[in-house]
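Here we start with a single chain on its own, the form predicted on its own, put down as structure tokens.
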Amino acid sequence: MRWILATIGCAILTAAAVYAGAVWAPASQEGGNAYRMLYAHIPLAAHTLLAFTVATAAGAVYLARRNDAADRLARAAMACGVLLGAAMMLSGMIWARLAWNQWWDFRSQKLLFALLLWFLMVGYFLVRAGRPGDARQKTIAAVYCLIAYLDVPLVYFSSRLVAGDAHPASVALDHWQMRVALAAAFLAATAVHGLMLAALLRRQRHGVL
């Protein structure tokens, strides 16, 4: 019953966030209605990085304590990262099509590092393929996380450090309604991320993932 209530709650929060961003908040003075896609893209990007961070921290705990619960958390968090990252990339591409009239700009360092990040998260499961319960494989996966995590600060800082990157380093929230809409989107993304993580951890206890 609680899973049903949690799912309904996430659906309500998501619907409210979609309404706030797509209808209630005004269009951006600079980006027009294309700007509305960022209400989805920004929280998805933040939670993708958060998922990778949780997975890496859990991997570090596993290396220090050989704690199987930490390994399970790392796997679940990385699975969330793959799903959230895919949604992040898709929403970013839609925004780019609306704002730049093209789906992708290979000159953008931030976009390339973000794409690399998603492939690294997928690669984590390739590293774990075969015998997921093997202690040596758990150790290799945890070390892989620590090394791959070097891409996370590159994703975050690249548009700030590289002059002329097409991807904006920040967004302008011209009106208080835009700030509320973005906050609602973050709240919805947090709820969905939390529900996904809990569901994946639960599936692990039943031998799935």
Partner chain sequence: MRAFWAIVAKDLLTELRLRQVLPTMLVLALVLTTVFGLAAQDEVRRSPQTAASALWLAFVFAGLLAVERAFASERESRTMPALMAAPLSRQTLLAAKCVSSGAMLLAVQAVMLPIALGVFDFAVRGPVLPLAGVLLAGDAALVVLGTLTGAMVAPSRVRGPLLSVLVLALLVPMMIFAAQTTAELAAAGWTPRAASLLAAMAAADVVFAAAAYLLCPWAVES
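Positions refer to the first chain, counted from 1. Predicted, not measured: the structure shown is a model, and the values here were computed from it.
Just so it is clear, the following notes concern the form predicted in complex with the partner chain, a form of the same protein that is not shown.
Chemist: Quick one: find which of 72 to 80, 87 to 95, 100 to 108, 115 to 123 has residues within 4.5 Å of the partner chain in the predicted bound form by heavy atom distance.
Modeler: Careful reading of the contacts points to 115 to 123.
Chemist: Looking at V54, L182, A34, L63, which has any heavy atom no more than 4.5 Å from the partner chain in the predicted bound form?
Modeler: Of the candidates V54, L182, A34, L63, L63 is the one lying within 4.5 Å of the partner chain in the predicted bound form.
Chemist: Under a 4.5 angstroms heavy atom criterion, identify the one residue in I42, V143, L173, L50 near the partner chain in the predicted bound form.
Modeler: By the 4.5 Å criterion, the partner-contacting residue is V143.
Chemist: Hey, in the predicted bound form, is L154 touching the partner chain, heavy atoms inside 4.5 Å?
Modeler: Residue-level check for L154: yes, a contact with the partner chain.
Chemist: Please run the contact check for S28 against the partner chain in the predicted bound form: heavy atoms, 4.5 angstroms, yes or no?
Modeler: Taking the distances in the predicted bound form, the answer for S28 is no, it never comes within 4.5 Å of the partner chain.
Chemist: Is there any non-hydrogen atom of A58 lying within 4.5 Å of the partner chain in the predicted bound form?
Modeler: Taking the distances in the predicted bound form, the answer for A58 is no, it never comes within 4.5 Å of the partner chain.
Chemist: Could you tell me if A148 has a non-hydrogen atom within 4.5 Å of the partner chain in the predicted bound form?
Modeler: Yes, contact at 4.5 Å.
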